[in-house]
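Take a look at this single chain in structure tokens; it is the form predicted alone.
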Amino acid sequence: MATTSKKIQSALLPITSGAIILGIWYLISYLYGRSVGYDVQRIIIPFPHQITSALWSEREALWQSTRQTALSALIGFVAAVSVGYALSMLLASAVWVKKALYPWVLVLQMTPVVVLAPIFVLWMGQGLPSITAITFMIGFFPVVANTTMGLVSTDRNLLDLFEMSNATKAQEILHLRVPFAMPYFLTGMKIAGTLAPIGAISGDLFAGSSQGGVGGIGYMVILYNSQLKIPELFATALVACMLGFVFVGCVNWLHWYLLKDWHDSARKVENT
């Protein structure tokens, strides 16, 4: 009974706070419209129902844009996870390899994407390849940093046990270091998953195009802003937010699924 009450309370609290925020938004829009005129108000701070109306009227264009951005995010995310994991294995293979390569990984991470974006466009042109490269750059480092940390911080006692058992290096990596680093890797993957839609939309802003008759979400932001279609611009933000939730939800589910049977972090989530 107490659990059910707690669940109802957990559901009602965000709904209540959302209703309050919506009411405040309507009040501000109304007061602003009365002071400057509703034509100006519609451009500066539209009513929420004007945004939902724009979302419906632009649903086909926004759906196509969302699909394109989701594709860029997915490709960039998979590339960041794959390459990041492979590089982590290389960095953890020997101390001298990490000392030789890790500073250059940091250099790559510290270089702002706004600087790299024009270079990607120069090399790969406008569109999907450049957007994917930008998404990759944004999500790559968390995977490398977390996975490498997990691989090199394996329990010393377990390493000694494998050594006493005359385990080969391959057995040590496959049966000890990789499982031990799995939570670290999945944490890096969650961060990369959170950043992937942001990276894809940022990539649209820098390297987006309307080739094929449709651009990504970032491209639609530029388009609507230049045409002063502000309700449509807010609707685009709403779509981007929903895409982020879907993407992160999928990654979180994968994180839970891979750890639920053997790691305390997933079990604690289940029990709370």
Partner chain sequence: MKNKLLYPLATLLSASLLFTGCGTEKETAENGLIPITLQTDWYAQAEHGGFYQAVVEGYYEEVGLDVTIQQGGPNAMGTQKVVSQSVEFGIGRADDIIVHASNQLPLVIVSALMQHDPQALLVHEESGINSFKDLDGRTVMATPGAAMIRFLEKRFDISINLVPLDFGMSRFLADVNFVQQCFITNEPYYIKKEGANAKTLLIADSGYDPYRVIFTSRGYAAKNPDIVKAFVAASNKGWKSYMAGPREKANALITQLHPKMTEEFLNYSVNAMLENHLVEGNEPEDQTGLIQPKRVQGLIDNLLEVGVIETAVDAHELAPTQYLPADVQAMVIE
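Residue numbers count along the first chain shown, from 1. All values reported here derive from a predicted model rather than from experimental measurement.
Just so you know, the form predicted in complex with its partner chain exists too; it's not on screen, but the next bit is about it.
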Only one of 222, 246, 55, 70 comes within 4.5 Å of its partner chain in the predicted bound form by heavy atoms, so just point that one out. 222
Selected contact from 93, 194, 126, 109, since only one has a non-hydrogen atom within 4.5 angstroms of its partner chain in the predicted bound form: 126
So in the predicted bound form, are 79, 83 and 98 all sitting within 4.5 Å of its partner chain, heavy atoms only? no
Within 4.5 Å, heavy atoms only: does residue 151 come near its partner chain in the predicted bound form? no
Going by a heavy atom distance of 4.5 Å, is residue 210 a contact of its partner chain in the predicted bound form? yes
Classify residue 43 as contacting or not contacting its partner chain in the predicted bound form by the rule of any non-hydrogen atom within 4.5 angstroms, answering yes or no. yes
Taking 4.5 angstroms as the cut-off for heavy atoms, does residue 237 touch its partner chain in the predicted bound form? no
Could you tell me which of 118-126, 136-144, 180-188, 156-164 sits within 4.5 Å of its partner chain in the predicted bound form, going by non-hydrogen atoms? 118-126
Give, in sequence order, every residue of 226-253 that has a heavy atom within 4.5 Å of its partner chain in the predicted bound form, or say none if there are no such residues. 226, 227, 228
